[in-house]
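This document opens with one chain alone, in structure tokens, the form predicted alone.
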Amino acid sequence: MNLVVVGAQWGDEGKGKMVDYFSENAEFVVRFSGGANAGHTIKVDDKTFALHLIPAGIISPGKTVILGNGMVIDPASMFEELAGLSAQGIEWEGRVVVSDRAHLVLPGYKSEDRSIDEHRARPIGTTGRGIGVAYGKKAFRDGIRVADLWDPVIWNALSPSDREWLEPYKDRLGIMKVNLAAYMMANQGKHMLFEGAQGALLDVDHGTYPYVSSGISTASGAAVGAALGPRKIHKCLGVFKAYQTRVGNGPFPTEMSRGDDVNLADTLRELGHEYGVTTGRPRRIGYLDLVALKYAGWVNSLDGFILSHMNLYDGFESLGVCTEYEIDGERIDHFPSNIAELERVKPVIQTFAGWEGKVADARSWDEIPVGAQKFVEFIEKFTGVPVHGYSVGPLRDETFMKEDPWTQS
């Protein structure tokens, strides 16, 4: 069975933890997009793992993880990350596979990335890791793939400095590289877990363009970036938080940016440790946006949601969610394509009463406080997507499912 897990907001929803959780029953974990600009935090017992390029399944012993052809890979960052995993006791040798069609991020791409953003009329807020440049060169057919390191024509066309930089990585990448289409065909029928990067609202086609990532972060990217056809995907799950966050520039309709909302944002930021894994930047905080969440459910064909961070509202007297947008005096219930419109949107906030008891203590649906259950049921009815699972804390055992993720719908 092939199971896809994506972010249903602007990233940082807790995908890494859920991929780690689902990895127990997977044989292969495939990352299908993005680069070292992504960040997944996984807590196991007393250890915390910060991953950027390596799929989250690496923490589970015996699982094979695959860096797909939809990724852009910085070899220096990848091997530094692997060395860090070794230092934390993770035995990864022989378990990491790299698609030979994946594109590489060269050193000069990073400074070029920063320079491009600095000279934009409206900077995007890039992480400066060369991701956008690598994807741009890929689209212009000027990039270099893993496979190309052994093509003498392409290799000799590289600058001397790039060849010198790449040389130490060639043998190490050579051991890991595979023809991913052939590899996937040879392993079809096994449990494969597909891991997205960022979130649906940062997708290059469906996100808040141009304030998006350069890769495909919706579920369809699993087919494109992991060398299998779309009919081979059996289930898609989307992770979202009980509030909204965003890193970098771009429209954010429900951002808590005025009056008492600022204090609420600060409280949620500290409770949720909302700082970027890759950059350390504080994340922008907003009310849960059900208009955007319904949109994410549609463009990903989600079979179910996984709700995280609802436990942060334990003890609150009330919480708010956005159910409509108001723009130029008119109410709308769809997610606009036009950035200027999104920036003028005023969220229509519906308030829910808090609940007695703690979501954080729940380990099944029946243990979730009644008030929180009503909140979930409202989300399900509004979006048309059922909530299949819950993450009520950072640890593996603070997770439970209503539906078995490895059962086809």
Ligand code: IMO
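Each residue number is its position in the shown sequence, starting from 1. The model shown is predicted, which means the values in this text are computed figures rather than measured ones.
We do not show the form predicted in complex with ligand IMO, though everything after this point is about it.
S.K.: Test of understanding: in the predicted bound form, would residue 10 fall inside 4.5 Å of ligand IMO by heavy atoms?
M.R.: So residue 10 counts as contacting ligand IMO.
S.K.: Residue-level question: is residue 218 within 4.5 Å of ligand IMO in the predicted bound form, judged on heavy atoms?
M.R.: No, residue 218 is distant from the partner.
S.K.: Taking ligand IMO as it sits in the predicted bound form, is residue 131 near enough to touch it, meaning that at least one heavy atom pair lies within 4.5 angstroms?
M.R.: Residue 131 belongs to the contact set for ligand IMO.
S.K.: Report yes if any heavy atom of residue 39 sits within 4.5 Å of a heavy atom of ligand IMO in the predicted bound form; otherwise report no.
M.R.: So residue 39 counts as contacting ligand IMO.
S.K.: Though ligand IMO is not shown, can you say which of 232, 114, 172, 281 has a heavy atom within 4.5 Å of it in the predicted bound form?
M.R.: It is 281 that has a heavy atom within 4.5 Å of the partner.
S.K.: Since exactly one of 248, 143, 207, 297 fits, which has a heavy atom within 4.5 Å of ligand IMO in the predicted bound form?
M.R.: Selected residue: 248.
S.K.: For the interface check, one of 197-205, 73-81, 160-168, 90-98 should have non-hydrogen atoms within 4.5 Å of ligand IMO in the predicted bound form; which one?
M.R.: Careful reading of the contacts points to 197-205.
S.K.: Heavy atom within 4.5 Å of ligand IMO in the predicted bound form: which residues of 207-233 qualify?
M.R.: The stretch 207-233, when checked against ligand IMO in the predicted bound form, contributes 212, 213 at the 4.5 Å heavy-atom cut-off.
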